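Taking the form predicted alone, here's one chain by itself in structure tokens.
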Amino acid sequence: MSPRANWSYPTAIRFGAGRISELAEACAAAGMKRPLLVTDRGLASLPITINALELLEAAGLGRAMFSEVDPNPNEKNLEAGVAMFKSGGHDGVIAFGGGSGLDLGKLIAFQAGQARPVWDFEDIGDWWTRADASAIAPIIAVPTTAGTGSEVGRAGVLTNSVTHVKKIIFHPKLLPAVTICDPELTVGMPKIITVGTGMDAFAHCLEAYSSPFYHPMSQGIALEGMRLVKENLPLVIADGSNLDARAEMMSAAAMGAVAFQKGLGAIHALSHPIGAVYNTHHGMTNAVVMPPVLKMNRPAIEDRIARAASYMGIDGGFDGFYDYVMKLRADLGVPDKLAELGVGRDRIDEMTAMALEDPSAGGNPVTLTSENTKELFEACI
């Protein structure tokens, strides 16, 4: 029998196959009567999205949808979504999809009631206190991929369309009031998206586990999340209809996002500017840069990674873990270098500066400098 449960950590989560049928109930629990479903262009016409809209309509909640969402959402997408939210008199958002749909949906619910520009709420110090918390609309999150974990996160990533810099917008009330994790929604994902999102979940867990900050709860969650990816991502790739394995991957994705409140690191510090400049898939970019980052961090994490390897059933300590990552990437068809994703050397200096400013940089076990960050980009490209 496929996993099925109700969880209240870190928010209310309805987990299990077929639970999208409870969407109207989730709206009632969140106090929504006129929800706006936000998703990306690719999902807008798919059966899983049409079904969600029909469930809403049958419950008298309308079938309003906003889908002008780019793969790396920007403030123009946000402005258009906020305009639709306001003009439609909506009182909540159903963020539906992968990371882009989830993040932008959450940010529409957040920004619709604010008087200040969204950039004033970047995840810096206590900037989040600038927001009018009472004006933030309720959010329901429905992930259709198993990767970002945005469905259990208190932030959204937004790309500045002028500077091409990714910014993290944070507020505690960006945490969805209800999350529906239904592995049936992920069954139709193309293999390349399954690989990219799965490796994103693994990267979240790996970086959280490696972060030097003290957070034993996240440490344990990250460790088990890595094990779940190891055991289940190959099963999902071999048989996309394996609901048990897809359920475990959805768990791993949520666990990664919960764990990384402990910190991220150079994998994400590099990946964010690469995605902003070259519009690469975030999870796939993480997978490509992972080995060089592991090598650089080895002096600070060797013993810790050896313990993780033992827990995950990998022999050989750090070297065994590194070899496992390399084999996993090869088996999944992950490109070995960023050049295969269209990334060139002409903007390394620019991306190095962006990486050092990225909030993820501060959680790397080895302090990032201009020199070692540039060397990382060279090694990855």
Ligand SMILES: NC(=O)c1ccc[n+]([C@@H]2O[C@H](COP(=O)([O-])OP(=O)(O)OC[C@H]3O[C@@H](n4cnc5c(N)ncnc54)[C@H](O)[C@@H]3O)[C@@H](O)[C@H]2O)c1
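Note that this is a predicted model, so its numbers are computed, not measured. All residue numbers are counted from 1 along the displayed sequence.
There is another form of the same protein, the form predicted in complex with the named molecule; it is not shown, and what comes next is about it.
Student: Please state whether all three residues 40, 145 and 204 have a non-hydrogen atom within 4.5 angstroms of the named molecule in the model of the complex.
Tutor: Yes, because 40, 145 and 204 each have a heavy atom that approaches the named molecule to within 4.5 Å in the model of the complex.
Student: Among 305-313, 99-107, 124-132, 232-240, mark the stretch whose residues have heavy atoms within 4.5 Å of the named molecule in the model of the complex.
Tutor: Within 4.5 Å of the partner lies stretch 99-107.
Student: Quick one: is residue 71 in contact with the named molecule in the model of the complex, heavy atoms, 4.5 Å cut-off?
Tutor: Residue 71 belongs to the contact set for the named molecule.
Student: So, residue 299 and the named molecule: in the model of the complex, are they within 4.5 Å at any heavy atom pair?
Tutor: No, residue 299 sits far enough from the named molecule in the model of the complex that none of its heavy atoms falls within 4.5 Å.
Student: At 4.5 Å between heavy atoms, is residue 156 in contact with the named molecule in the model of the complex?
Tutor: Residue 156: contacts the named molecule in the model of the complex.
Student: Given that the named molecule is not shown alongside this chain, does residue 193 nevertheless sit within 4.5 Å of it in the model of the complex, heavy atom to heavy atom?
Tutor: Yes.
Student: Looking at 252, 274, 185, 141 here, can you tell me which has any non-hydrogen atom within 4.5 angstroms of the named molecule in the model of the complex?
Tutor: Of the listed residues, the single hit is 185.
Student: Considering 258, 289, 137, 189, which brings a non-hydrogen atom within 4.5 Å of the named molecule in the model of the complex?
Tutor: Only one option qualifies, and that one is 189.
Student: Could you list the residues in 268-299 that come within 4.5 Å of the named molecule in the model of the complex, counting only heavy atoms and keeping sequence order?
Tutor: Going through 268-299 in order - heavy atoms within 4.5 Å of the named molecule in the model of the complex - the hits are 281, 282.
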